[in-house]
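For reference, the chain that follows is the form predicted on its own, supplied as structure tokens.
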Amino acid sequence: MPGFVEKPEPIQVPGLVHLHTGKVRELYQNAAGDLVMVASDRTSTFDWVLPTEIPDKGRILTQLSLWWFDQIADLVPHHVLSSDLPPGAPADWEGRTLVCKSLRMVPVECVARGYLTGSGLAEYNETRTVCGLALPEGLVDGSELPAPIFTPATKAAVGEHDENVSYEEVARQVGADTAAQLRQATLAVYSRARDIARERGIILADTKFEFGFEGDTLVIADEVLTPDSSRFWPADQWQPGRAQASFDKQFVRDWLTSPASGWDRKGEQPPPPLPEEIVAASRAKYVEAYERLTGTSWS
């Protein structure tokens, strides 16, 4: 089963209990019961966590998430309590660590799409629907949708695919009231972020959020609106009908599927290490996305 090429041993920190190793993040709990999320420089694609890291990636994702949390704070509360380094934590955790509220998580990937691509495009080509929502004829890869749509998915374990589901299925799983809150919050945050990104020459094609409850209050969690959870396209290169240039892992995907990598995506062997030039190009795209969105330079 695909997963980690080389699963890392978590760092042990006095006062913190390690809970989980994710594709990118390590999750701990402190003595107060709060969660401590540490974003690594790992990268994943094609359901594999690759053996090569992208320098600064974890810090960029963390700082970009913090910036976005500020932009959407009036729409939905977020889970971040602090970005201070926990006592005894290694210096490398600086800038990549968030102390967060422990929430009752909703087991749904809340996806918003404003443009058609990826798994949505594949479903549309077969049925003219996405997650049960009927769409117009004539759409192609990269087409802007008439309006943003909520296309949820069930959360999968590492190495497994998230599975797109209908809104009705989400309502059945989590209740009608919660499903309605998820849809409203997802589309509100997407719309705000789409407009902010557009002002900066970037198309936010789609994105995914995770939510949990603090008491009866819906709270947005995990990371938000980064190149790992979103498709960002340069607006001046947008051209429906083909794959779009992007600010994400496209350099990695393209190299892995090229003859240069020698890797068979459909085989059972894990992906090989990434060449230095692919690592550098990927890092540059993360930095460019951060700088264009926030308007500040990455130091």
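From a predicted model like this one, the values you see are computed outputs, not experimental measurements. All residue numbers are counted from 1 along the displayed sequence.
Missing here is the form predicted together with a small molecule; even so, the following discussion is about that form.
The partner is absent here; in the predicted complex, the one residue of Pro275, Pro10, Gly22, Gly15 having a heavy atom within 4.5 Å of the small molecule is Gly22. Comment: the small molecule is not present in this chain, but in the predicted complex one of Arg96, Arg194, His79, Arg183 has a heavy atom within 4.5 Å of it, namely His79. With the partner omitted here, the stretch from 81 to 89, 184 to 192, 122 to 130, 216 to 224 that lies within 4.5 Å of the small molecule by heavy atoms in the predicted complex is 216 to 224. Each of Leu27, Leu35 and Met105 comes within 4.5 Å of the small molecule in the predicted complex, counting any heavy atom. Although the partner is absent here, Lys101 lies within 4.5 Å of the small molecule in the predicted complex, judged by heavy atoms.
None of the heavy atoms of Arg198 is located within 4.5 Å of the small molecule in the predicted complex.
Under a 4.5 angstroms non-hydrogen atom cutoff, the small molecule in the predicted complex has Lys155 among its neighbouring residues.
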